[in-house]
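Next up: the same protein chain in two forms, each one alone, written as structure tokens (structure 1, then structure 2).
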Structure 1
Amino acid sequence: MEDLLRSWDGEHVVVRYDQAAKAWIFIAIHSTRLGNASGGTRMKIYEAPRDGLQDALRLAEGMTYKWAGVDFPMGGGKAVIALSAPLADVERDRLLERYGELVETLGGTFSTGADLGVGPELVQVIGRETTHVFGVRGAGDPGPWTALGVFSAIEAVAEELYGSRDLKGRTVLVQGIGDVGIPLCKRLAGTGARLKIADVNEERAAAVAEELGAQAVDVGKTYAEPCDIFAPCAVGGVLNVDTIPQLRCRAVAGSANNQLERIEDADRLHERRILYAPDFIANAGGAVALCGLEALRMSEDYVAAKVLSITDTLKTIFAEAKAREESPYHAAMRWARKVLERGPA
């Protein structure tokens, strides 16, 4: 793991080996430039501890740019609990309680919430031992907030492509009908957009499509399905050297994290004249809502306005990218770095 830590540009990493559960805990603090670090806790089985550390470092850096991309006063952090084998529920809960004790010792320099393998009910377990956890004090489900941010991103894309935010008659393909995908689909359906839905659970996709008057798409043919805007709202890495040539859309704007398998994939999209709304800006709504409402005690109106401002942020990014004839990904990274260099507003 030494080479990973030497090459990382973050601030510090807290490492603990939990002997009882035979699990490694990594809390990566990438940046506190804008505020105390915050990011979810991921728990899964890893082939080797190094893989868990690598995930923590990568995800913490991503959180730094997510917060900076929407100019929000939080820093980038992430935690990974790297299991070596499945745990019984009782053992898992005890591990999460011990993890909560570790988070508490950091005195608020890191706060956390749900992520892969740690759902809302397990966040409550962590919250037994620390106050520095989101999702336990009434902010509610972050999914609809994330969906609101993605909807705002789609509106920005529509305005850039067609000169209007009006989505009536525009075809939007949503990949992934989950906590974000469903509220996003409902918002899109309400605008009169022509909605297409793809999900690995084809029965669920068919049911949601019937409810909303949408078209369910064969999940195996998702990337080749014609649409105006493709909204990936499931797993990451879906935009890559194999899928990008298949795309039959004019833009991509979705909630999935790490949509680009490689940075070069942003340029592949640009070469195909497919407008890309960088995921770390488009999907920031849920994180902004949880931290804003629970940690920073912001009003719901202020948080809503902040999430809706994703539209204007992307308009600025699109304009710069167009002037430089480059992918919006590069303009978004410059935007975020400028916010970090400036420091807290």
Structure 2
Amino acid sequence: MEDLLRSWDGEHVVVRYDQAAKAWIFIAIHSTRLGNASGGTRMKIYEAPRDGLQDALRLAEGMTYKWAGVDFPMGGGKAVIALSAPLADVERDRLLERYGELVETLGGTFSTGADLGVGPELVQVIGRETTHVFGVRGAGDPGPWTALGVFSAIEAVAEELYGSRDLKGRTVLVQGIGDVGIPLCKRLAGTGARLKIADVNEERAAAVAEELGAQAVDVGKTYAEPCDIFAPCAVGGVLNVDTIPQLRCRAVAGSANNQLERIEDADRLHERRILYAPDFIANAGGAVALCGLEALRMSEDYVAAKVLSITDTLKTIFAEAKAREESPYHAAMRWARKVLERGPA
């Protein structure tokens, strides 16, 4: 863990070992340059606590750029609850309550909400012990908002590739049928796009495929599955030295955080002429809705317009990347860094 912390450029990490649940809690505060840190809480089983810390550090950094990308007065942070074994529901809820107490002691310097493994219902459990939680005062489930943003990103990609946002007849492969994947698939199904879905839970994928008239693909062959647009909506690190050569798509636009395993993977995609919608721009819809509705007092219409504007943001980023013959990732990072340098609006 020392190496991870030594090479991290963030501000600090709050660490707690929860004896009763045998779980490590890491709250990483990457940057408060634009405001108090905020980011979701991820809970899953990790092989080693170190892996949980690594996730927290990287995800917190991603949040810094996500908030900067939408120019919200929020800082980058993220929490990871690294479980060592599955927990019964009661123990899990007790753990989340104790975690809520910990968040409360931070006095609002970190606020949190849903993420992988902590769905909208579990956010309510955290909210029993702290007010610094998004998703309990009106915004509710951020999943459909994130999906709307990813849909906007897919439209930007289509416009860039084909000169039209129309998705009719285009094949979109959605990886991960969760709180974002499902609403995204539903939206896509309404456009006449051909839908393919892949999920580690193949039974679930088959059921959802049946319901939406989609094709469930063999998870083991996800990356090699031919499609026009690949939408990773599950775990991170899916774009890497092993998977990129397999891809048979023209673009990647999805909701997963930290899709690139390493920064060089952006260049690998670029070399393969696969258009990449940077994750922290494409997946900002949930963050915009949660924070916009519950902290910044924006109206639902305003939030919706802001989420839909992901299309225009990406068009600008794609144009800049094209002019410089580089991956859109670099253009998006320059955009976010400019906002961070300027400071809160």
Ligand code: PHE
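The term rigid core refers to the most C-alpha atoms you can superpose between the two forms while keeping them within 1.5 Å. By convention here, residues take numbers in order along the sequence of structure 1, the first being 1. Treat the numbers as computed from the prediction; the structure is a model and nothing was measured.
> Kindly point out the structure, among the two, that is the form predicted on its own.
That would be structure 1.
> State yes or no: after fitting on the rigid core, is the Cα displacement of Val303 between structure 1 and structure 2 at least 2 Å?
No; that C-alpha moves by less than 2 Å between structure 1 and structure 2.
> Once you overlay the rigid core, does the Cα of Thr171 travel 2 Å or further between structure 1 and structure 2?
Where the cores coincide, Thr171 shows only a C-alpha shift between structure 1 and structure 2 that is less than 2 Å.
> After the core is overlaid between structure 1 and structure 2, has the C-alpha of Lys66 moved by 2 angstroms or more?
For Lys66, whose C-alpha is compared between structure 1 and structure 2 after core superposition, the shift is less than 2 Å.
> After lining up the core, report the Cα displacement of Arg94 between structure 1 and structure 2 in Å, one decimal place.
Taking the core as reference, the C-alpha of Arg94 is shifted 6.4 Å.
> What's the distance in angstrom the Cα of Ala37 travels between structure 1 and structure 2, core superposed?
Displacement of the C-alpha, rigid core superposed: 2.7 Å.
> Can you give the C-alpha shift of Gln19 between structure 1 and structure 2 in Å, rounded to one decimal, after superposing the rigid core?
Reported C-alpha shift between structure 1 and structure 2: 8.4 Å at Gln19.
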